[in-house]
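Next up is one chain by itself, shown in structure tokens, the form predicted on its own.
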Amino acid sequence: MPNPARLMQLALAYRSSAVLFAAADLDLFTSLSQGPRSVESLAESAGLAVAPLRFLLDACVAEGLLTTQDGAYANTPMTDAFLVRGRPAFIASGMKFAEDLYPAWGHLAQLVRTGKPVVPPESFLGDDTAKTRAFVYAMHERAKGISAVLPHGADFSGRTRLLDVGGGPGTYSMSLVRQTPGLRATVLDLPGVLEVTREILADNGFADRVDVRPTNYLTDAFGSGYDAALLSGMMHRETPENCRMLLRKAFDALEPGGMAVVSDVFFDDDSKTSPPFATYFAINMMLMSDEGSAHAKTEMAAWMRDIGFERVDIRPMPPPNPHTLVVGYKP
């Protein structure tokens, strides 16, 4: 008789996510950033109930999020680096976005039955202020890691005008402007998203070198005179037809010799069976967007060549970064 242990593990896996989300929501890792503390001390300072807090802390220990010794709890190096508010690598806003999507995954069967998203896409793109803010800051935190290595996959040196299509928080633009003397950037995105983007740009001191332009990139013109275009983390929301249309608009906005960079989570090839991360990513996009999925890097490269880009190249990002770059140049 086969062992059902794996089935039970999968059936109860949500509990691990719930422990992480609750601890992040309660900001326990920040509370422990100054050193080990007892459950009583944490409960008193944060106004929490001792008995359930103790079990939550013990669950965090079981999940490898905390350590404990002599009745005191402490952060692990991982949580101390990534889940303490104010630290450079803080990613708890990304955890909050994942938590907002948590209920949607409980309706995966509904998606398969209906073929329609179970979360209104507009709720993350301006209609719901709190969810939009959480979404944009989550994208900001995720993009910080990608933006740090983006120039290693595409050389922006000598470029002066960057078009950042669907640029969300403007993180890539800020990073590229910081690293590229003489470069200015324009972020195109929806008005509700750009309300948060302006705040991020101002907080980071880039409001003078990164402009924002409220735009529906599917219907509005991109303009002209750019020598670089970045389409990052947005093609997975679009149909193949829309992807080709966006590549054409980017092509038309570029000056001769201009470089286009598509950065996204891709399947390895047109069979769309690997890697597994792309499969889960595609499901996630279908749960929260009308046309969301994931494309193959091979088909994105083919679309770019069909549009007229030359020297099209597929460039993987270093692990654990999930993005791949597809780069091409306008003749």
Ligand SMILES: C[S@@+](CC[C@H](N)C(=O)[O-])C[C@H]1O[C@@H](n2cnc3c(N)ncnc32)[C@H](O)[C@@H]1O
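Note that residue numbering follows the sequence shown and begins at 1. It should be emphasised that the depicted structure is a prediction, and the values quoted were computed from it without experimental measurement.
Absent from the display: the form predicted together with this ligand. The rest refers to it.
S.K.: Run the contact test on K249, W303 and G328 with a 4.5 Å heavy atom cut-off to this ligand in the predicted complex and return yes or no.
M.R.: Zero of three within 4.5 Å in the predicted complex.
S.K.: With this ligand left out of view, choose which of L83, M139, L162, A260 has a non-hydrogen atom within 4.5 angstroms of it in the predicted complex.
M.R.: Residue within 4.5 Å of the partner: M139.
S.K.: Go through Y226, Y217, F156, Y73 and name the one with a heavy atom inside 4.5 Å of this ligand in the predicted complex.
M.R.: Of the candidates Y226, Y217, F156, Y73, Y217 is the one lying within 4.5 Å of this ligand in the predicted complex.
S.K.: Among 74-82, 227-235, 100-108, 87-95, which stretch has residues with heavy atoms no more than 4.5 Å from this ligand in the predicted complex?
M.R.: Going by heavy atoms within 4.5 Å, the stretch is 227-235.
S.K.: Taking heavy atoms only, is L176 within 4.5 angstroms of this ligand in the predicted complex?
M.R.: Because no heavy atom of L176 falls inside 4.5 Å of this ligand in the predicted complex, the answer is no.
S.K.: Is there any non-hydrogen atom of G166 lying within 4.5 Å of this ligand in the predicted complex?
M.R.: Looking in the predicted complex, residue contacts with this ligand include G166, since a heavy atom lies within 4.5 Å.
S.K.: Please tell me whether any heavy atom belonging to L190 falls inside 4.5 Å of a heavy atom of this ligand, as the geometry stands in the predicted complex.
M.R.: L190 belongs to the contact set for this ligand.
S.K.: Is there a heavy atom of I200 lying 4.5 Å or less from a heavy atom of this ligand in the predicted complex?
M.R.: So I200 does not count as contacting this ligand.
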